[in-house]
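To begin, one chain is listed below as structure tokens, in the form predicted on its own.
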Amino acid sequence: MSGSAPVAVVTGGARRLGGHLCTMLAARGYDVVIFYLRSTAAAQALAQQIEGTGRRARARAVDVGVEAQVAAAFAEVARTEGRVDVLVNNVGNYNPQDITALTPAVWDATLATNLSGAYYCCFHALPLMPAEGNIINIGMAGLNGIRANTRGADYYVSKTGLLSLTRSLAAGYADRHIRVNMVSPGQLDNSVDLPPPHEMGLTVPLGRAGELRDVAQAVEYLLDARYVTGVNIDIAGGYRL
């Protein structure tokens, strides 16, 4: 697969937002490596779809919460693609149970995937990343104003930690001109706990759910914004203001 085109790696890239971002990156001229966990058929179909547009693409099964698997996956990227120009840490396990029902096993699994997994991917991608490389982490709206969240607290904590990691990496790798930013969606039209349309305005000032293209637009901005690093952009229609 090695070629002259820039290379993007997207975790959780088989479906939903990840799949949309893979398609967008391919349209911008990137060869794409799709990391997925269980959605084999969807990942392979997406890779074939991208290949049909003239870009290179391949799908790679990896549990990002297991560092050894992440190391092996990026070693394969080093051999096959030879570089990583863009890393999108899109994986985000969400468990919307109340904090009083949260178990240590669920807590550990969420933190391993959402936070440690993002760190493992950054750690192994950075040696393959040239100057002007990009890391874009997918967070959740409202991280800039920390507040109590009794539903999905493990998810909220993991994404708050990811914001701190984003800023630390942005400062630490600025001398290599590698930019690290975060995009934080709010209520998307495919969210698992989306309110009915007539209630959207109660929590979202702009009165509608977000669309995948809204998030992709922010990611595209960050790809082009050569003087922006360490920021978090809420794509949420005013949700949690």
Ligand SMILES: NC(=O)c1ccc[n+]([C@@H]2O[C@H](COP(=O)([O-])OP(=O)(O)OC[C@H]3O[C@@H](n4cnc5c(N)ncnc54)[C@H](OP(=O)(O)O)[C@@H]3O)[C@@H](O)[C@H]2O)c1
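Since we're looking at a predicted model, the values are computed, not measured. Just count from 1 along the sequence shown to find any residue number.
Not pictured, yet referred to below: the form predicted together with the named molecule.
For the options Gly133, Gly142, Gly152, Gly92, the residue carrying a heavy atom within 4.5 angstroms of the named molecule in the predicted complex is Gly92. Although the partner is absent from this view, Ala26 stays clear of the named molecule in the predicted complex, with no non-hydrogen atom inside 4.5 angstroms. A residue is said to contact a partner when one of its heavy atoms sits within 4.5 Å of a partner heavy atom; His177 fails this definition for the named molecule in the predicted complex, lying far away. When contacts are judged by a 4.5 Å heavy atom cut-off, Ala59 does not count as touching the named molecule in the predicted complex.
Proximity of Val64 to the named molecule in the predicted complex falls within the 4.5 Å heavy atom cutoff. Look at 168-176, 199-207, 185-193, 45-53: in the predicted complex, residues with non-hydrogen atoms within 4.5 angstroms of the named molecule sit in 185-193. Along 95-116, one residue reaches a heavy atom to within 4.5 Å of the named molecule in the predicted complex: Thr113.
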